[in-house]
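Presented below, as structure tokens, is a lone chain in the form predicted alone.
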Amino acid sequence: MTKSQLIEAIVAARGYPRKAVEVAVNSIFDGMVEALQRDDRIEIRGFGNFTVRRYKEYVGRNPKTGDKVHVPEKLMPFFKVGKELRERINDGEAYAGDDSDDDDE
């Protein structure tokens, strides 16, 4: 699902004006990015946690030439799924588009 599809899904489900939903979704994402930039942890109960992981610099190799390449330290966002979301996905509750019928057996 893309961000525009998320916006359209909210508009369709709730009937809110598209522009208001777009501003709200963008505000949420911007707030999340700003929090991660401050190295804050984002916890959405029942959904999961977003954190920033720091990867140390290292010397890698160019796979094409075999030359050594310096890879600088970097920060990467990391998502850890919450227990409730994991259980909903594994139980099939979150996916209403499942067309498989067990009656065919």
Partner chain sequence: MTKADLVEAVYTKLDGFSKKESAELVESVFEMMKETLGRGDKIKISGFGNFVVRDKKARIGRNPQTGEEITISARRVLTFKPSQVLKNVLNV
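In this text the structure is predicted, and so the values were computed from the model without any measurement. Numbering follows the first chain given and starts at 1.
The protein also exists as the form predicted in complex with its partner chain; that form is not presented, and the subsequent description refers to it.
Although the partner is absent here, residue 56 sits far enough away that none of its heavy atoms falls within 4.5 Å of its partner chain in the predicted bound form. Within 4.5 Å of any heavy atom of its partner chain in the predicted bound form lies no heavy atom of residue 68. Looking at residue 41, you'd find a heavy atom of it within 4.5 angstroms of its partner chain in the predicted bound form. Looking at residue 45, you'd find a heavy atom of it within 4.5 angstroms of its partner chain in the predicted bound form. Residues 2, 3, 6, 9, 10, 13, 14, 16, 17, 20, 21, 23, 24, 25, 27, 28, 29, 31, 32, 33 are the members of 2-34 with a non-hydrogen atom no more than 4.5 angstroms from its partner chain in the predicted bound form.
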